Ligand code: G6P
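Heads up, the chain below is alone and in the form predicted alone; it's given as structure tokens.
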């Protein structure tokens, strides 16, 4: 499916009903750079995936306005048309205080729900004040939705774990809506989730939705089991539906993807070619083999294990010293949270130790760059790479894997992919690894650098065909087609 086909589907299925997307993260951030306001795209798989869908469908995207220049570019109702160069939809910003951000985002969302859902052995922190702030901010988002639609019929598409209570709050004020929610991170098994003190409230909030989507059937089944063992309800497993209080919620798997055609075309543009030349010159990237990693700085991404594997690979294969460089593009993330501060320090120390021990002349094995990267720079890095490592310890999908595949219009390159990502279930021609096993990753690096050109191209061709067929427009088509089966109330 492509953009035009999705537009036709929306016109046919949603007709004149407003289409509202709600998320914590906004797709465009306005920031002051000196005396100039610049518009940036955040390093977020969610927003990068959904932006082309919204450009195709139109409508309104409600999100937290986090940029320091965001208030300076909106109208009196907090709205701005985006993208700036060719507006396609409306972005409505919700303003939060620093205290609200600390409790709702840094606190309950990312110190409680995030480690609870990602099984990477980081203990969740549950604080009553964070939970109360999470409730308050979800209510603020519900107010913003009501301001847009009133009591009219509408389709509201809620994103992720930051807004688990939102559907119920919306329907308390807007009965003439259909809500769907996509949970972008894993859903844990019941034994893990039941330690949450507010498990019933979270489940009750989510079950106000008409449709809940996860990346994989495994996460759907975990959710169904959690609800079955926590709440009084009826599970209709053959329909993957939950009936509670007379309301039915469908639970289905929708593996998210990327805009394959756009990413593939971008990788061949002149701006990207110039950026490849700049990166080679600025960072002396003249080695025979270049590996890349592209991640937010998060403890779920397996960056520490990845670097240890690079060190082990070079210990076992010293002939590659000077012929091999690994480039880690890292976007700083959640820097106010203690676990992330500790991770930053651990990675900095590890990179310094490995590079100091192996440094020779102008060469060092790991080039570690912590900054925000434009889409053109990311495309250039992907074009440069002999291979890409995605070694998440646990991940709902991981769109970096699909972006790397989409960027390789040359048909070359090797993807090394964690078995514990949703992407691994689709991208079966990648080299699979156990991300907890440094030895396993080191062996995969060796396999990537000695792989024949014929095998590389055969694998990449199969990977590209998979992502091309199951692109972001197909994902949106599947969800909209399902939600359209519900009858929109007359209002």
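This structure is a prediction, so every number in the text was calculated from the model and none was measured. Numbering follows the first chain given and starts at 1.
The next section is about a form of this same protein that is not shown, the form predicted in complex with this ligand.
Participant: This ligand isn't shown here, but in the predicted complex which of 93, 394, 383, 334 has a heavy atom within 4.5 Å of it?
Facilitator: In short, 334.
Participant: Looking at 43, 444, 53, 63 here, can you tell me which has any non-hydrogen atom within 4.5 angstroms of this ligand in the predicted complex?
Facilitator: Partner contact (heavy atom, 4.5 Å) among the options: 43.
Participant: Taking this ligand as it sits in the predicted complex, is residue 89 near enough to touch it, meaning that at least one heavy atom pair lies within 4.5 angstroms?
Facilitator: Looking in the predicted complex, residue contacts with this ligand do not include residue 89, since no heavy atom lies within 4.5 Å.
Participant: Is the gap between residue 219 and this ligand in the predicted complex 4.5 Å or less for some heavy atom pair?
Facilitator: Looking in the predicted complex, residue contacts with this ligand do not include residue 219, since no heavy atom lies within 4.5 Å.
Participant: Report yes if any heavy atom of residue 272 sits within 4.5 Å of a heavy atom of this ligand in the predicted complex; otherwise report no.
Facilitator: Result no; residue 272 lies far from this ligand in the predicted complex.
Participant: Taking heavy atoms only, is residue 160 within 4.5 angstroms of this ligand in the predicted complex?
Facilitator: Flag for residue 160 set to yes.
Participant: Have a look at 71-79, 203-211, 276-284, 160-168 and name the one stretch with heavy atoms inside 4.5 Å of this ligand in the predicted complex.
Facilitator: Among the listed stretches, the partner-contacting one is 160-168.
Participant: For 83-116: residues with a non-hydrogen atom within 4.5 angstroms of this ligand in the predicted complex?
Facilitator: If the 4.5 Å heavy-atom criterion is applied to this ligand in the predicted complex, 83-116 yields 105, 110, 114.
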